[in-house]
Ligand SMILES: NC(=O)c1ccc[n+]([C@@H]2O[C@H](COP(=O)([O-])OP(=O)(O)OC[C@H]3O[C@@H](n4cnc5c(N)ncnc54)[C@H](OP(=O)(O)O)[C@@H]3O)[C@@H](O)[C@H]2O)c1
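A single chain comes next, written as structure tokens; it is the form predicted on its own.
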């Protein structure tokens, strides 16, 4: 496993298992349990995924020492302090842990004052040790700049949509400059990497390495020093994704993939998301 060191010194496994759309119950449980068996040590979930309880049980049943597993979850919505505390504590109960390694604001609110209010709560969690690292998700550069003006603690992570169709080169350059780690979700573009010109270019690279398209995409992100959390509930795919750690792409191959960028989103645009109506 390769690790990324966050701006607070915490080491984070660079490859993890994403669990978006993994159904609560046997699907999420078996996926996480198998992933841990074959060597994953980073599990990403969220309150909005409604599968934290199954993930917590799988982690517990794995018998792996808690300190050796990096658990990320995300705050579902912005709210008042009482509701945010309640939601966080419910996540701890479901995950069967007394802390999380990383807690993220899942989506930026359209009101920067509300983002800052939520961030103040996150800062208190970090200071108390209940979250070893805190960060944001789906924040565009202007969201980050506004938050940094008043944040006491700099976010450690920004988890965003990032894949060959949306390479996020400008955002990554900005985040590198301000010391925030970029993390990718949706690296396979909801299957888009297996279609059209994306497939043609990626498949040509994959054949050279006797690898799969998915492995090439994940290796591309890892080579760019991005944290990757591909989602799968299928044992064969979970293992295939994990073996991306062995794949090393050339600079020319990375450039070929970068050149596929079309600024194409397959998930929600953060500037037009429906998750921002709450008013303090």
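Please read these numbers as outputs of a predicted model, since none were measured by experiment. Numbering follows the first chain given and starts at 1.
Quick note: we don't show the form predicted together with this ligand, though the next part is all about it.
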Sort through 189, 71, 144, 133 and report the residue having a heavy atom within 4.5 Å of this ligand in the predicted bound form. 189
222, 28, 229, 216: which sits within 4.5 Å of this ligand in the predicted bound form by any heavy atom? 229
Find out whether any non-hydrogen atom of residue 47 is located within 4.5 angstroms of this ligand in the predicted bound form, and reply yes or no. no
Classify residue 185 as contacting or not contacting this ligand in the predicted bound form by the rule of any non-hydrogen atom within 4.5 angstroms, answering yes or no. yes
Is it the case that residue 181, even though its partner is missing from this view, gets within 4.5 Å of this ligand in the predicted bound form, heavy atoms only? no
Please check if residue 240 has a heavy atom lying within 4.5 Å of any heavy atom of this ligand in the predicted bound form. yes
Listed range touching this ligand, judged in the predicted bound form by heavy atoms within 4.5 Å, from 117 to 125, 85 to 93, 195 to 203, 101 to 109: 101 to 109
On the criterion of a non-hydrogen atom at 4.5 angstroms or closer, are 5, 75 and 155 all touching this ligand in the predicted bound form? no
Considering only 125 to 152, what residues come within 4.5 Å of this ligand in the predicted bound form, judged by heavy atoms? 137, 138
